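As structure tokens, one chain now follows by itself in the form predicted alone.
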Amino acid sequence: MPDTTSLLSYVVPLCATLLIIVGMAGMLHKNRRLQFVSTTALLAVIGMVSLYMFLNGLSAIIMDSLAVYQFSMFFVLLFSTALILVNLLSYGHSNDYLSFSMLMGFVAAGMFTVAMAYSLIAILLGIELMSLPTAFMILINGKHHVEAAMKLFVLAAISIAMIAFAIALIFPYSPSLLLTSNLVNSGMKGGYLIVLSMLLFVSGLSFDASLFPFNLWIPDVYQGAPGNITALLAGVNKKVAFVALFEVLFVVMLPYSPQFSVLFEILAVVTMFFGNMAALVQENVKRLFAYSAISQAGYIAIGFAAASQYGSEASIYQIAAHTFMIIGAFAVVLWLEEKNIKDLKDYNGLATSNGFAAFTLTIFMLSMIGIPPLMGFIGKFLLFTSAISAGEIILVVIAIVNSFISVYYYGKVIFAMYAKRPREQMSMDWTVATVAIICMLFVLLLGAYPQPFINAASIAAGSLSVL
């Protein structure tokens, strides 16, 4: 008789499959409320099971393709929580929620596949399952979103092609393609081909992670996509790419850690400067947050540059922190955009018309700057100390300079919102308010009392060595 671990290990892939089936069924019964409840329930089950398995340190391998262990369960829990928030936001604001729900089943399956990947093929399939349906999510919202959808589709196609080429280079030396530290050892005689494969992996995944120079169309996609899809892209899709980078670089490519450490130092610096300098001149607030999200990817890359377990722990914490900060921010921006409040000048006096919207957006921006005692401050503190412990003092100085640069453009938005200007009262609908409150609670509570979450990130980072 199978034990509890064996049975529970199949719950996540089973529920992910059910998400797809339920999504397709929704196109037949046309009941939005039933679709919302069933989708949310399945995501909640996935989250609870992954939390249980994480807390109890359970592990299992499923058909030599998926791995259940603490790193994978940490991110399955994070992604399921984030998807519940995006699903709630989409329920109230998607033009075609039933089509969105159907496509989200595939997107969620792709995300969980990457988080639980035990082979390079699983990573490739997961990225493909996630990226292409997301482009169609944008497309179903109307012809005026075609440009954003096409740009995302092209970026996804290039990313998938580069990852596939990277796998093809490794295959002759290790046909199993399993995610283990021994994968490239048999291919050491391939030397330069393995390094080339690593560069292709990093380049392919950088399109999704928004690392420079692979992010030049990302602001166009974020601005052109509906607000709920932008929240999905910035809050979840981008984080999946970082998870894949963890699995490839800190497991498969571990013998080459000095090379990718230097590579990520460069990527972190240019990404931070590109995102922050471009954000300085933006007048459209949604586009400003798009460049802000790019700069945050640069901060996350600092943990990769540290090339240590402490660096991994810091990046994992910052990934989770930015997930809640950016989903909450884009939820408010979405609601304001529907009121035709898009540019910085339109935000003048927002606190007068809706103080809650101004307050929550201020909290998210202060957290992105790294103001204590918010979650973003803890994330940056961990990243900077991990880089210092790795001897990357100059990198930390550059990151601090970039944090000061971000104060200017975030400050412009905050000052505009609290400018004294009479405006009509606006009421926020319950879906946006709920998402904003939940995200704000995470940012506040995990900033004021971060130790349990830091411990969880440490456990997740340490468990990568299990593979």
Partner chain sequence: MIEPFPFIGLLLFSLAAGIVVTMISEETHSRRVGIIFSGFAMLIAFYMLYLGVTSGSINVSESYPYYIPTFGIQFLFQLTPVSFLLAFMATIVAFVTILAGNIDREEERIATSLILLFEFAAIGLFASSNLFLFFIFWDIGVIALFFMIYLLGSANRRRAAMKFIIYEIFASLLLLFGIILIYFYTPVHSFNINYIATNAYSIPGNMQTLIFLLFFVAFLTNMPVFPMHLWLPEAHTEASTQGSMLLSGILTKFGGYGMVLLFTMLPIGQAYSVYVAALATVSAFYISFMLMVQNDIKRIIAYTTIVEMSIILFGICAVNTVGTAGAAYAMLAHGFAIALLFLTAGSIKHIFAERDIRLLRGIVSNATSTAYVLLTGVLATTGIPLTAAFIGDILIFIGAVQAFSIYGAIPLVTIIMFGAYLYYVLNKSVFSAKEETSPVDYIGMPQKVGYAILLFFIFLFGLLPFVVLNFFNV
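Residue numbers count along the first chain shown, from 1. Everything quoted here is computed from the prediction, not taken from an experiment.
A second form of this protein, the form predicted together with its partner chain, is not displayed here; the remarks below concern that form.
Contact with its partner chain in the predicted bound form, defined as any heavy atom within 4.5 Å, is confined among 382 to 390, 121 to 129, 322 to 330, 78 to 86 to 382 to 390. Proximity of Ala416 to its partner chain in the predicted bound form: non-hydrogen atoms within 4.5 Å are present.
Its partner chain in the predicted bound form is not approached by Trp430, whose heavy atoms all lie more than 4.5 angstroms from it. Taking the partner from elsewhere, Met365 is found to have every heavy atom lying beyond 4.5 Å of its partner chain in the predicted bound form.
Among residues of the shown chain, Ile378 is one whose heavy atoms approach its partner chain to within 4.5 Å in the predicted bound form.
Heavy atoms of every residue among Phe404, Ala448 and Ile454 are located within 4.5 Å of its partner chain in the predicted bound form. Residue in contact with its partner chain in the predicted bound form (any heavy atom within 4.5 Å), chosen from Gly355, Pro213, Pro373, Pro172: Pro373. Put simply, of Asn348, Ser99, Ser203, Asn284 only one has a heavy atom within 4.5 Å of its partner chain in the predicted bound form, and it is Asn348. Residues Val396, Val397, Ile400, Ser403, Phe404, Val407, Tyr408 of 394 to 410 are found to place at least one heavy atom within 4.5 Å of its partner chain in the predicted bound form.
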